[in-house]
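Here you get one chain, nothing else, as structure tokens; it is the form predicted on its own.
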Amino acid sequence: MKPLEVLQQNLHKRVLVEMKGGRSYRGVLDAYDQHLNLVLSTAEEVLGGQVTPHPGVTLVRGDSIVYISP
């Protein structure tokens, strides 16, 4: 299965996005594009064990993503 197909199957579901530098986001995948740029709603940023809520919409750049876990 191709990566974009996996994202399509997990659209409007919660995902975990691990970023370069040890930062990660958890939120509902609302949209994505061919560059793996993601739009997350009701996201939480996790950095060093601290969770920071991000109400509204969060844009995650695809070139900073290490992996995406459904």
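All values reported here derive from a predicted model rather than from experimental measurement. Throughout, we count residues from 1 along the sequence that is shown.
The form predicted in complex with another copy of the chain exists for this protein as well; it is not shown, and the discussion that follows is about that form.
The closest heavy atom approach of residue 28 to another copy of the chain in the predicted complex falls outside 4.5 Å.
Among residues of the shown chain, residue 14 is not one whose heavy atoms approach another copy of the chain to within 4.5 Å in the predicted complex. Interface membership of residue 46, defined by any non-hydrogen atom within 4.5 Å of another copy of the chain in the predicted complex, is ruled out. Within this chain, residue 37 lines the site of another copy of the chain in the predicted complex, having a heavy atom no more than 4.5 Å away.
Residues 1, 2, 3, 4, 6, 7, 18, 19, 20, 23, 25 are the ones in 1 to 27 with at least one heavy atom within 4.5 Å of another copy of the chain in the predicted complex, listed in sequence order.
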